[in-house]
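Take a look at this single chain in structure tokens; it is the form predicted alone.
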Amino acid sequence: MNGTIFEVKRFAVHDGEGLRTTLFLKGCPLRCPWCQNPEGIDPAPALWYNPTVCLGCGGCAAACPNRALTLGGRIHVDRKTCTRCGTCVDRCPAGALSLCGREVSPRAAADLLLRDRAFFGTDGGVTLSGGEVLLQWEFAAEVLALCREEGVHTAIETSMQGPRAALETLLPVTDQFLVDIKLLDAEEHRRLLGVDNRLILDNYRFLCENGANVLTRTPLIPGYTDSENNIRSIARFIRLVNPEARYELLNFNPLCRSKYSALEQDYPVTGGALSPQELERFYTILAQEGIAHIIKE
């Protein structure tokens, strides 16, 4: 089964253990306001515009058969009208327009990842991220199986919002699960992310009960997830489910704001990364809640 991908990140150091190559899959069932990869939410390929290299020539707008593009200080894209035909991409002389997302076979995806295997050493490997890997779990399982056949360590980054069949299929071919638990309160989760978290928490229990290697993570997003009550609640949950859990707090990264600007969308998160003192306060909370294995920046 083919899959749809949108990026390959090489020499990654935050997507699992060691030096890794990360493949990003399109499509996500959650709608996190702070999403670091908004271009990966839509499961279909989408038109991507880079205003920093645009010449402002207007050639793309003139070429668009559906008149979905207009020039006015920058290129504006009517995404309801755009059919992603690629005519504007071919016409742009500066490469300011591209189609984000392409279909590949599991073999082609594995070859992209294995190209860097000489740099993995004994600790590194490959990671599938997104978007949400569980939306393309059959494709993902084939890719990871091909990498495992070559003796390469495999990992996935996931919100756990996906079917149980996905986890059952991925377990035998995944060496590590990097699991994000963002909010523990079900209603808050539904209000902010679009769905409640019952499936996520049930899937998390399933992984832990079946002996998976799980690294639990929570992104610290100002005004959303960075409350003492939220972090305490998550810590109590994971300690109850898996007393030996490894838990990592991910500091907020504001660099994604430029992506929202390119998409002509407002980014709702204000402020920047948490200070070392603020992070230490949260580490103290985790220690108070009995988390024995705290992964620090």
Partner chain sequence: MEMELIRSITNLSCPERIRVLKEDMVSEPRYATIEQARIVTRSYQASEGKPRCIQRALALKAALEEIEIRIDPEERIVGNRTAGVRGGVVFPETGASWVDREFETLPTRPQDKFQVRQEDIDEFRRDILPYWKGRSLEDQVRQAVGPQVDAIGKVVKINQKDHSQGHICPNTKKWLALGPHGIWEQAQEHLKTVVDEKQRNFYKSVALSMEGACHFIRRYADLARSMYEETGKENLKEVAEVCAKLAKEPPETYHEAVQASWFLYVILQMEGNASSFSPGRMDQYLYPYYENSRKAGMTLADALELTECLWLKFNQLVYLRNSNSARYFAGFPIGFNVALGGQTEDGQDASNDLSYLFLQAQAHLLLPQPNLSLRMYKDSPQELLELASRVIGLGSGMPQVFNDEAVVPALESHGVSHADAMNYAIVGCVELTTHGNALAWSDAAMFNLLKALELTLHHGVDQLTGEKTGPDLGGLDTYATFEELEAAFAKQIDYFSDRMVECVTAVEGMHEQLLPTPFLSAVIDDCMSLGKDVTQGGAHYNFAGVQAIQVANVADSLAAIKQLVYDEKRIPAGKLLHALKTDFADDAVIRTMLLNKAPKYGNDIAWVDDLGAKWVNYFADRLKQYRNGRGGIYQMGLYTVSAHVPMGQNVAASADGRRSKDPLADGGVSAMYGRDTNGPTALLQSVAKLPFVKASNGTLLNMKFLPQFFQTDMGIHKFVNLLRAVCRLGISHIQFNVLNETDLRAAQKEPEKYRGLTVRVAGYTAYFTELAPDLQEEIIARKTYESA
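Residue numbers count along the first chain shown, from 1. Quick caveat, the model's predicted, so the values are computed rather than measured. So that the term is clear: the rigid core is the largest set of C-alpha atoms that superpose within 1.5 Å between two forms.
In what follows, reference is made to the form predicted together with the partner chain, a form of this protein that is not presented.
Heavy atoms of every residue among 17, 89 and 121 are located within 4.5 Å of the partner chain in the predicted complex. With a 4.5 Å cutoff on heavy atoms, residue 30 does not count as touching the partner chain in the predicted complex; it lies far away. Remark: residue 282 does not count among the residues lining the partner chain in the predicted complex, judged by a heavy atom distance of 4.5 Å or less. In the predicted complex, the partner chain lies within 4.5 Å of some heavy atom of residue 157. Though the partner is left out of this view, residue 257 does reach within 4.5 Å of the partner chain in the predicted complex, counting heavy atoms only.
In summary, the region of this chain contacting the partner chain in the predicted complex, judged by heavy atoms within 4.5 Å and restricted to 199-207, 111-119, 140-148, 77-85, corresponds to 111-119.
Taking a 4.5 Å heavy atom cutoff to the partner chain in the predicted complex, the contact residue among 242, 253, 70, 233 is 253. Distance criterion of 4.5 Å from any heavy atom to the partner chain in the predicted complex singles out 94 from the list 94, 99, 195, 220. Along 23-54, residues 24, 36, 37 each place a heavy atom within 4.5 Å of the partner chain in the predicted complex. Fitting the two forms on the rigid core leaves the C-alpha of residue 93 displaced by at least 2 angstroms between the shown form and the other one. Once the cores line up, the CA of residue 58 ends up 2 angstroms or more apart between the shown form and the other one.
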